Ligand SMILES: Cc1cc2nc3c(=O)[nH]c(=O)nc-3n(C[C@H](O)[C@H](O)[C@H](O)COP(=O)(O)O)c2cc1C
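Coming up is one lone chain in structure tokens, specifically the form predicted on its own.
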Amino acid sequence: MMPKIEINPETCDKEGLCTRVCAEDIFKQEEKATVPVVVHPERCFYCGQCVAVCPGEAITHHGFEMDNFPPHTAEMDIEPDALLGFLRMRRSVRNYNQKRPVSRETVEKLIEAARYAPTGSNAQSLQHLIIESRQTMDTLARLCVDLFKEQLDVCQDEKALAKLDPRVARRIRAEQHFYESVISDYQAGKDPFFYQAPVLIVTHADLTITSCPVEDATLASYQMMLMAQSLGLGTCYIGNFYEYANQSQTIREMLAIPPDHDILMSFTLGYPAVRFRRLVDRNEPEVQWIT
């Protein structure tokens, strides 16, 4: 849909900032200190940068709710050291307070944070499932164990492995212990998938709408995780689920995943059962500068 974009000549400061920030050359300024004109509205992918950059609030973009562009204020700024400390506070939580549920209003704050994550071509195609049912999570865990048993059979089929690329076969063999460990934990009564968390959030999307759906889901989920941390919640990525769930038609149907969608990301959510008193440590980064 081609949006209607208007520029008010009475309030336009004629600096042409809209022409500079627009990656699609929707605006054109014939000469300096003149009001830009809209020449290619059909190219717009609704990034909103023209509205956000205009100092005179001269642009009206009819593809947006114009009231949903609040001004940037100094209170929103975060000192770099404080931000780094906040980032170092986030860690994977696998031990949740079973007596403290997560309210729906709290989860909605996380979804609001995900809403403002960047997506390829501004597609905004992600959809989220909020699973609060312990029964549903227990069923998903059982179905995931079935998937892991199938993967283990592949690991142990030397004839099948011999037909694969040696690097692929080596990777599959290396995962055998992992599959065995997860299956063993589950059979011992543990929950190696969802850690008895109160909430599981699953993100899925149509892979054809954007060039980078996995990256879109990763960014959105991490913004949710950071919002969760600010609210005193803990989170943990569940690769054991999202890396395998698409292989199960039963799981897909159970979660009503559309046929043209894939599950891209999942993480658990809940209040930590313990308090962490120190920040995380990580290896020194390996960096190469090219000048």
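For every residue, the number given is its place in the sequence shown, counted from 1. None of these values were measured; they are calculated from a predicted model.
Note that the form predicted in complex with the named molecule isn't included here; everything after this is about it.
With the partner removed from view, the residue among 64, 237, 45, 69 that has a non-hydrogen atom within 4.5 Å of the named molecule in the model of the complex turns out to be 237. For the chain shown alone, residue 179 is not a contact residue for the named molecule in the model of the complex, no non-hydrogen atom being within 4.5 angstroms. Though the partner is left out of this view, residue 173 does not reach within 4.5 Å of the named molecule in the model of the complex, counting heavy atoms only.
Contact check for residue 109: every heavy atom lies farther than 4.5 Å from the named molecule in the model of the complex. Taking the partner from the other structure, the named molecule in the model of the complex has a heavy atom within 4.5 Å of a heavy atom of residue 282. Here the chain stands by itself, but in the model of the complex one stretch of 89-97, 152-160, 75-83, 137-145, 89-97, has heavy atoms within 4.5 Å of the named molecule.
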